[in-house]
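This document starts with one chain, in the form predicted alone, laid out as structure tokens.
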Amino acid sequence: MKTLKICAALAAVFAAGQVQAQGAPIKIGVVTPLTGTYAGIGQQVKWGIDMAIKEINDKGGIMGRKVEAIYEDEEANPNVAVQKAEKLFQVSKVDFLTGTVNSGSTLAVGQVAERNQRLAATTVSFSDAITGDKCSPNVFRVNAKAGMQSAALVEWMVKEKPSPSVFYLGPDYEMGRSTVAAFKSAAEKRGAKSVGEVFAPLDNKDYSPFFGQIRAARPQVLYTSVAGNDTVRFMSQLAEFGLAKNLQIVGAAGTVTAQNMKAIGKAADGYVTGAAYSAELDNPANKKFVADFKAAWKADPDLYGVDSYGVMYFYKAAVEKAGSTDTDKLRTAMRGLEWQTPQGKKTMRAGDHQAIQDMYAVKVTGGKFQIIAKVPGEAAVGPDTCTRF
């Protein structure tokens, strides 16, 4: 009889533990730059995630569990990102990780996720390698990669300037070199002539030493993938030295954003990029998203804000499909998953964990992003080159 009572008591404790576990919050680790050159991008990441989590929690959470985000500042530094990711997995016991901006950070954090048997997703990083030759079974990308941006931008460029001469300037790290390589390859296949390339240090203060090379090359188009505060300095100095005249400036989606456009001022006008988002997208879901975002944060959303908002709904859809937050079950559920975002429907390609989405050529006019061309997602995404899984 005593044994039965002990067993019953243990069963009750176990059942209570199970209920507590089921009711415990789902923890989302966010490793993103909250200080430094890319702090503006990190701010959009945080705004997007916080807004989505509030919406999800207001509607009952995910499978009845509330969601909470735990933030760590990665400073756009891969070494720091690794330390912060390890802390989130080991100490905070997060269920899922997102937020990395620097492509080197995303690649490094992917290895941390594998070691900890957890999943991670980037909403920002552009490097094709993330879902290409350095793909990870534990890393997903919900945003457009560099090759997709290039496909949309090149399509517009060759129609406007057939067989153009192009000069390239990027930041000297993984993202900068991969975005330049992706655009250069796509442009040359469509008849563009490359007339030079240079790479500047991250957080560079003076771009004038590169201007002699640009003048000597006499390009029709200048492609750049600098970002954050670096863009403000670069484009302001281009205008100050008179290089922007008679030169079409194009670049990566993260070069001119809602966060740095005001600081760039008139020097941003005429800039064209390939992107998966513009706040001007004309559909009911985006109009509501933009209105809600402005009401919450007194600022316009950009591609980082919308994709960071969207990653939470990607995660929610996957957990509900899997019926679990278990890593293996969740990974299976994420592969091939379709979900709705303010941009429209996205599909997570199973073979390389790259989201497929429509792409646009977007031009800055009077301080606003205007869509000037569109490329369907299937045409923009390119082949699956991941061979690791």
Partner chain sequence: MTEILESLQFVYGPQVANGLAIGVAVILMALGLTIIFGLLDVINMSHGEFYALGAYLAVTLVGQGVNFWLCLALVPVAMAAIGYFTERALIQRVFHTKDRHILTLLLTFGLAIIAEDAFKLAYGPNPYKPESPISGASEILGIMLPNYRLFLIAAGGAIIVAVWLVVYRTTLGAMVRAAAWDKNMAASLGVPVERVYAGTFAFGVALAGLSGVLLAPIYSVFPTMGKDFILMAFTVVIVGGMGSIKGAVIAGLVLTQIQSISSLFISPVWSDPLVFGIMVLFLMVRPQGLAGRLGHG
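For the two forms, the rigid core is made up of the largest set of C-alpha atoms that agree within 1.5 Å on superposition. Keep in mind the model is a prediction, meaning the values are calculated, not measured. Positions refer to the first chain, counted from 1.
One more form of this protein exists, namely the form predicted in complex with the partner chain; it is left out here, but the text below deals with it.
- Here the marked residues G40, F210 and Q259 all reach the partner chain in the predicted complex, each with a heavy atom within 4.5 angstroms.
- Partner contact region in the predicted complex: 201-209, out of 247-255, 150-158, 201-209, 287-295, criterion any non-hydrogen atom within 4.5 Å of the partner chain.
- Although the partner is absent here, K193 is not a contact residue: none of its heavy atoms lies within 4.5 angstroms of the partner chain in the predicted complex.
- Within this chain, S165 is remote from the site of the partner chain in the predicted complex, having no heavy atom within 4.5 Å.
- When contacts are judged by a 4.5 Å heavy atom cut-off, Q220 does not count as touching the partner chain in the predicted complex.
- Residue contact check for A263: one or more of its heavy atoms lie within 4.5 Å of the partner chain in the predicted complex.
- Screening D282, E188, D133, E240 for any heavy atom within 4.5 Å of the partner chain in the predicted complex leaves a single hit, E240.
- Taking the partner chain as it sits in the predicted complex, the stretch 210-237 comes within 4.5 angstroms of it through a non-hydrogen atom at F210, G212, Q213, R215, A216, R218, N229, V232, R233, S236, Q237.
- Core-superposed comparison between the shown form and the other one: the Cα of N116 travels less than 2 Å.
- Comparing the forms between the shown form and the other one, the C-alpha position of V290 differs by less than 2 angstroms, with the core used for superposition.
- With the core held fixed between the shown form and the other one, K262 has its Cα displaced by under 2 Å.
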